[in-house]
Structures are given as structure tokens and as C-alpha cells.
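Included below are C-alpha cells for two forms of one protein chain, each presented in isolation as structure 1 and structure 2.
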Structure 1
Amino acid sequence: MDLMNYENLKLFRDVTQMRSLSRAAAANGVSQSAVTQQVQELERAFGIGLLDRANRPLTVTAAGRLYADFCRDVLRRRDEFLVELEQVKQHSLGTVRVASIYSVGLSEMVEIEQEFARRVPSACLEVEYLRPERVYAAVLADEADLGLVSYPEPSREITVIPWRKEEMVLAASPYHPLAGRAQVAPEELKGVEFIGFDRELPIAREVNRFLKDHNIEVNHTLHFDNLQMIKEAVAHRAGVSIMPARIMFEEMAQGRLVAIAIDAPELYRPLGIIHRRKKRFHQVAQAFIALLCESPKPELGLIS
């Protein structure tokens, strides 16, 4: 017999609490004979009597008290588990976990969080900033529901939702000779002091491909693995760089950097939303994806 059947556990618990087979049967909606049979099967399975039927009301034996305590403990833990499980379900259904590359921008994400909170007040948005490879790992390990990456790469495990294309511009110090230009042709970059990205980053491959396609040789002075360090180096006149216009807005407003358009329409940084294939999103996650896809795209006209 199934000793862990919750209905059977509850039935024996009620018998010992009510000291009556008939009252326990009525409380559980079964016949008294079914209760009697159940107790007898337990006694045969355990090889010892659980009830002393010679007395009225029923007397519970030492073995019966031991089993009754077990029944109460199991049923109590089951009730606690169901309550806690429901709390976890409610939290997970109202939480969106996002892993993002750093260059999406803390200021931009703050605005997105504020708008998301306005639209879905009961939702919780958890954002973690990681290197690109760690974003993919977090999504694959289901540590994040969504990942925000540049140059997204689909795979057998990863699906990409196109997000936006970010205009790439020439970043320069306000004191650089090119700083006064509204636009430069690619060939004008030949021989400039250039601050690049570490070679393993997708953006480095794309910038280097652009330079090679246009037969441009630059003087690489420094390499960094993140945009913030490159912006600081450019601001300190160590050279120019090519980066997304969107991530320069704060430094431009401060007068520390200028953005110069490059006459190369093929030069942009694609951003994508990644997630595990066949992942089923709850309504809150779907609402967040919809909000991201509404995000305005930067235009050169915004740069001044």
C-alpha cells in the first residue's frame, strides 16, 4: 500500500484525533468500512496494532501515536510547502530577470525601469550587468530570462529578437583637430591615433572589418575591453575611437566628447534581445519585451 498517500495520512490522523472510526469516515466523505479496512492494511504493513478497539472511545497504541505524529508532520510540511510554492510562483510570474552588457547604459536602463514600473506596478525587474559571454551563459543557465547584447548571435540554444541598430560615430576630444567637423569620410581617418577594443569583442571585429574594407590604417595607441575606459581615454586626448552615438550622450552634454558622423551607412552596432529557444514567457516578461522594442532609436540629429 502507498504509505505516503496524503489522503490516507489525513484519514489516520483524523481517526486518532477524533478517537472514532465513524466520525473520521464522515469527515473524509468515506464509509466506516473503508476506514476500518485502511487501518487494518496499515497494521498488516507495519506488523503491529495501531488502535485498541476494545475501548470506547478508541485508544491509540504507542505505535499508533508514533504513526499519527508522522502523519501530522508530513501533512504540516505539505501545507507549508504549498504556501511557499505559491509565493515563489507569484514572485516568478511577476519578475523579469535581465542580463545586460554594460554599454546598454545604466541611465537608459533606469528610464526603462521607471516606465516599466509605471506600466506594470506589481512587477519586479532584476538587471545584472555582465560581459557579453557571461550574458549568454546566464541565459543558457536560466539565471536570466532575457539577455541584452550587441552583435547578437543565434544558435541551437539561443533565439535573437532584433532590438535596434545604433549609429556608430567618431568619438573625439573637443580639442582634436577633427572636432569641429560635422562629418568625416572614412579615408580621412588614415593615420589617426586610434583607441580600439580588445580583439575578442564583437565590436572590435566589426570596427576592424570596416577599417580594412576601406583600406584605412590607423595608429592603434590603446586597447580596452569596455566602452567606459575608451571614452575616458578619448576625453584625455589619447586618440579618437569609433563607438555608438547613444552611449556618448552624457559626456557630450558635459562637453568632454564630441561625436562626428562618419560617411559610412553600413557602420552601425546592432543590439538584440536573446533568450533560450522554446522559453515560455509570462505576461510580465512579454510586457517588458514589448517596452524594449518601443525604445526610440538614436538619430544623428540628436547629436549637437
Structure 2
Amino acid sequence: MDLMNYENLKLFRDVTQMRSLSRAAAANGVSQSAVTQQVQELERAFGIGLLDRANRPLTVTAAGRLYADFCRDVLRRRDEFLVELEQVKQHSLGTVRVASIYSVGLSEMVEIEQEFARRVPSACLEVEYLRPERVYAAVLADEADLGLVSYPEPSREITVIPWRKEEMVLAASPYHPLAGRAQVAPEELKGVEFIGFDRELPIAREVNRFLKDHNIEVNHTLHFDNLQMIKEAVAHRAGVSIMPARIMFEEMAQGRLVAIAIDAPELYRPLGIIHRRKKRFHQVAQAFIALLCESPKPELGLIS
């Protein structure tokens, strides 16, 4: 028999509290017979009487008191557990943990967050901004449900959902010779002073391939591992660079940088949603993915 089945524990606790089998039976919605059998079975299993039925109302023996205490403690621990569980459920079923690279664009993320909060008010969105490799790590370690990265790379453990393609433009200082142009042809970049990304970054590989495909030799002056530094360098007239248009908005509004369209349709930055291959997504996470995918925001024809 189950010495520790919930019904049993509660039943026995109630019996000792109410000093009556029949009342405990009623209180727990079972027949009196069932309670009798339960207690008898307990006594048989323990090899000692728990109740003294010789007198009425029945009394509890020393062993019975011991068991009643046990019941009380376990039931209390159970309640505690259920409360904790509810909290964890609330958290892990109600929140989406997103790890994102910095350059996804804070302002857009805020918009998405707002829309998500509107649609699923009970949900909680936790966005963490990390360097690309740490985004992958977070997803792999299940510290994030979703990752937002550029140039997403699937692997055995990682699945990619393509998200959007960002227009890449030439970033230049307003004082640069090309600054006034609305568009440039790739060939026009020959020999320009160029600020690039560190080699190992995917975006660097893509940009370099683009340059190579067009037989363009540029003059690499500096390279950094993040966009912010590159923007700074461009603004300080160290050269031009190629980057997603959207992340330059602020600097453009301030007149620190200008964006010049490049006549090269193959030049774009793909963004992707990554997640662990066999991950089961709960309601809320699914809703969030749906939100991301459903409105692939119209590519902003930046200059217009």
C-alpha cells in the first residue's frame, strides 16, 4: 500500500484532528468504509495500532501521533512545493528569454516588446544583448529560448528561422567626397579608405566577398569588432564602411553620418532567429515567434 499517497495522508491527518473516521470520510468525500480500510492497512503495514477505537471518540496512540505529525509535515511540504511550482510555471511558461546581438536595433526591439505586451499581457519578455558567440552559447545552454543573430549558422544543435534581410549601405562622413551621392556603383569604391570588421566576423566575410566579387581593392585602414566603433571611426573621417542602414539612423539624424545606397542587390545582412533544434516552445514563446515572423517589417528604403 501507499503509505504516503496524498489522499491517505490528508485522510489520516483529518482523522486525528477530527477524532472520527466518519467525519474524516465525509470531509474527504469517501465512504466511511474506505477510511476504516485505509487505517487498518496502515496499522497492518506499520505493525502497530494508530488509533484506539475502544473508546469514543477514538484516541490516537503514540504511533498514531507520530504518523499524524509525519502527515502534517509532508502535507505542508507539499503545499510549499506547489507554491514554488506555480511560480516556476508562471516564469518558465509565461516568459520568453531572448538573446540578441547588439546590432539588431534597440529601438525596433522596444517596438516589438510593446506589441508583444499588448497581445499577451500575461507574458514577460526578457531580452539580453550579447556578443554573437554568446548568443549561440546562451541558446545552446538553454539560457535563452531564442537567439537573434546576423548571418545565422545552423548546426547540429541549432536551427535557424530566417527573419529578415537588412539593406546594407555605404556609411560615410558628410564631408566625404561621396557624401552627396544618392547611390554609388560598387566600382566607385575602388581605392577608398575603408574601415572594416574583424576578419572572423561573418559580416566581414560577406563584405569582403562582395568587394572581391566586384574586383574592388579598398584601402583597409582600421578594423573593429563592433559597429559602434566603426561608426565612430567613419564619423571621424577615417574612411567609409558598409553596414546595415537601419543602425545608422541616429547618427544620420544628427548629421554625423550619411548613408549612400549601393547598387548591389546581393549585399544585405540576413538576420535569423535561432533556437535549439528540438526545443519545445510553450504558448507564449510560440506567440512571440509568430509576432516576429508575421510582420517582416517593410525594408525601409532608408534614404527616401
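Think of the rigid core as the biggest set of C-alphas that the two forms share within 1.5 Å after superposition. Numbering runs along the sequence of structure 1, starting at 1. Everything numeric here is computed off the predicted structure, so don't read it as measured data.
Student: Please match the form predicted together with the DNA to structure 1 or structure 2.
Tutor: It is structure 2; that copy is the form predicted together with the DNA.
Student: For D263, is the C-alpha shift between structures 1 and 2 2 Å or more after core superposition?
Tutor: After core superposition, the C-alpha of D263 moves less than 2 Å between structures 1 and 2.
Student: Once the core is aligned, please say if the CA of R277 is shifted by at least 2 angstroms between structures 1 and 2.
Tutor: No; R277 is a residue whose C-alpha shifts by less than 2 Å between structures 1 and 2 when the cores are overlaid.
Student: Would you say P244 moves its Cα by 2 Å or more between structures 1 and 2, aligning on the core?
Tutor: Comparing the forms between structures 1 and 2, which are aligned on their rigid core, P244 does not shift its C-alpha by 2 Å or more.
Student: For V74, tell me the Cα shift between structures 1 and 2 once the rigid core is superposed, in Å to one decimal.
Tutor: Its alpha carbon moves by 3.7 Å.
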